[in-house]
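Read the single chain below, which is given as structure tokens and is the form predicted alone.
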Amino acid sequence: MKKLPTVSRADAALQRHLALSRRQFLRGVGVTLALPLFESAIPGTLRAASATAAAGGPMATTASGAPLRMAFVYFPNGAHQDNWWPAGEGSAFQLGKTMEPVAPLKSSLQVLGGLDHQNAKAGNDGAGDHARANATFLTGARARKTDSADIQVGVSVDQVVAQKMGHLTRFSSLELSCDAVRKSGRCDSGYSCAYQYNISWHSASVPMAPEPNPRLVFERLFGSGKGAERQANFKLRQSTQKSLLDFVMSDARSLQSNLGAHDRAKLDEYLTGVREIEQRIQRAESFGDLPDPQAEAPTGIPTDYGEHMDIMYDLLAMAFETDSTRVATLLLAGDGSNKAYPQIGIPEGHHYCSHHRNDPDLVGKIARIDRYYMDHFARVLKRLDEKKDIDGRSVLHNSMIVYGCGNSDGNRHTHDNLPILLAGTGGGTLNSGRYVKAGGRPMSDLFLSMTDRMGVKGVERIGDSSGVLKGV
């Protein structure tokens, strides 16, 4: 990969000006509450400047000047092929049973077939398909087979973008997980656990460890201070039995007087959403100290897996709505996960069910698990579609969200024709509402297409890419 070109001073200055002008905060004791983008808070001249600049191609914006976001969501153990793939092709397609929950948003989706990860295949490395599936998913690179400290794979697409334009937002990127966090140790057939529990890689040997604890993500997005200071702020809110919002309501009332009717309603809706997430996290945790991020099993993680997914999805959505970041990853579970799903009547482990050997009972259960994951993904897409962005379009419209797995058929451990769904329209640049068969292209070609839309120029190669996937 060639060194990325330097952004012009004019572009950088304009982007900083736009970011500061768009972004507003409510502040209180130990609280820095980022707000959604308000149209009435931006002068018309600034909107015009934003649109003019966007036409010239500044990073991570749409043609209207709204933020352009990208996210990657990983589900484990492949998908049941018959239920995943649509019937038909192009715009004349019918979603398969697994994707029925996202049918109301069909016009904002692309089902992408024919994308492969050759570097996830065994080659001379033998067993270890689950570790390779995770490690290769966003890097397109082959993971060195080792369970020692000499791990090596590649820079993931999210970090290629974050390292170039992450300075435009409070957080250059956001890494989330609903699984364990492991940076070392032996996991799948001689592969380090770092491969299986991370999909975001800052460098070829340094993973971006995801955060599984909703409280820690919430405090990162809305709290203030570091270390002991943040712990003290958290304890203050506990001792007074107050919501985070109680510390910012004076600022909120002052802000409301300067907003138009539409944006006042938007603010009320947003604050209600913040409070709802806070209450859900409180119900899930023991009311003690702020969780220790270094703990092996931090407290506060919901025992209900569906609730855990929903909270993490909602926190990701809020990070996008408030322009706190424009790059995010969410690992729902590491490939090879043997999690059981008693909430949908499946006591057996996921990995066990995925090796169904065409047993009708297990086939039915793996199809229900796939549908369970899609139900929760559909929920966050609906939320993003309902949230209005700075340009009046939806946040989903101004996003590119990849939902998929580095394992195709979990029964056979294949890595061709990966199950990939691309949600959002990239600010109107994506040809959504289609089922596209790419015909055996590297999945990394899709990544090149996405980096180009994000305004990150000069990236000629990611992993095993062969060129930009055109026509997406």
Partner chain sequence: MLSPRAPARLSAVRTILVGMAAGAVAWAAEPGATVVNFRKNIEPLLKKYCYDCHADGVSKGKVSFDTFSSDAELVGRHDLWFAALKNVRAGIMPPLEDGAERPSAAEVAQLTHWIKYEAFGLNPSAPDPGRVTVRRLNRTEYRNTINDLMGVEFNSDSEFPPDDTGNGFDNIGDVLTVSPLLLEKYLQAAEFIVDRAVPKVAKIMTETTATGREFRGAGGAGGGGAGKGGGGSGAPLLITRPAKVSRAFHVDQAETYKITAELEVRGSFDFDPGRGTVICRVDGVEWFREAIAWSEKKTLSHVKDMTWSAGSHTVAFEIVPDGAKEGSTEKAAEVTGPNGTATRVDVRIVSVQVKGPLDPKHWTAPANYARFFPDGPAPADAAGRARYAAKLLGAFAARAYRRPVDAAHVAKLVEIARGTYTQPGRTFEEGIGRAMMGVLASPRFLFRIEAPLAGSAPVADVDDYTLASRLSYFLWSTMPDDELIRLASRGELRRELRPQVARMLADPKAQSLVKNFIGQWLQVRDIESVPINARAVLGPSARRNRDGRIEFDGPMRRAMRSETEMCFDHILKEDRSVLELLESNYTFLNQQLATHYGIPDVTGDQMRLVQLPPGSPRGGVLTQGSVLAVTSNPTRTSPVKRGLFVLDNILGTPPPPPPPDVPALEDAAKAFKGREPKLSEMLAVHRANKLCSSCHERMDPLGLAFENFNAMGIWRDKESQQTIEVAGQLVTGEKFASVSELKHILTHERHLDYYRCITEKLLTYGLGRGLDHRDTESVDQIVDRLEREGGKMSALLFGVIDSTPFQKLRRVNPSVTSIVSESPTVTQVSTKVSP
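Bear in mind the structure is a predicted one, so any value in this text is a computation, not a measurement. For clarity, a rigid core is taken as the largest C-alpha set superposing within 1.5 Å between two forms. Residue numbers count along the first chain shown, from 1.
Below: the form predicted together with the partner chain, not depicted.
A heavy atom within 4.5 Å of the partner chain in the model of the complex is found for one listed residue only; from A367, L255, L95, M165, this is L255.
A heavy atom within 4.5 Å of the partner chain in the model of the complex is found for exactly one of A141, A378, I311, V248: V248. Judged by heavy atoms within 4.5 Å of the partner chain in the model of the complex, the contact stretch among the candidates 387-395, 347-355, 78-86, 103-111 is 347-355.
The shortest heavy atom separation between G126 and the partner chain in the model of the complex is within 4.5 Å. At a distance threshold of 4.5 angstroms between non-hydrogen atoms, H413 is in contact with the partner chain in the model of the complex.
Although the partner is absent here, S243 sits close enough that one of its heavy atoms falls within 4.5 Å of the partner chain in the model of the complex.
The shortest heavy atom separation between V206 and the partner chain in the model of the complex is within 4.5 Å. Contacts between stretch 256-271 and the partner chain, counted in the model of the complex as any heavy atom lying within 4.5 Å, involve N258, L259, G260, H262, D263, K266, L267, E269, Y270, listed in sequence order. Once both forms are overlaid on the rigid core, the distance between the two CA positions of D116 between this form and the one not shown is under 2 angstroms. Core-superposed comparison between this form and the one not shown: the C-alpha position of Y313 differs by less than 2 Å. When the rigid core is held fixed, the Cα atom of S243 travels 2 angstroms or more between this form and the one not shown. Relative to this form, the distance between the C-alpha atoms of Q279 and Y313 is increased by at least 3 angstroms in the model of the complex. One change in the model of the complex concerns A265 and Y313, whose Cα atoms lie at least 3 Å farther apart than in this form.
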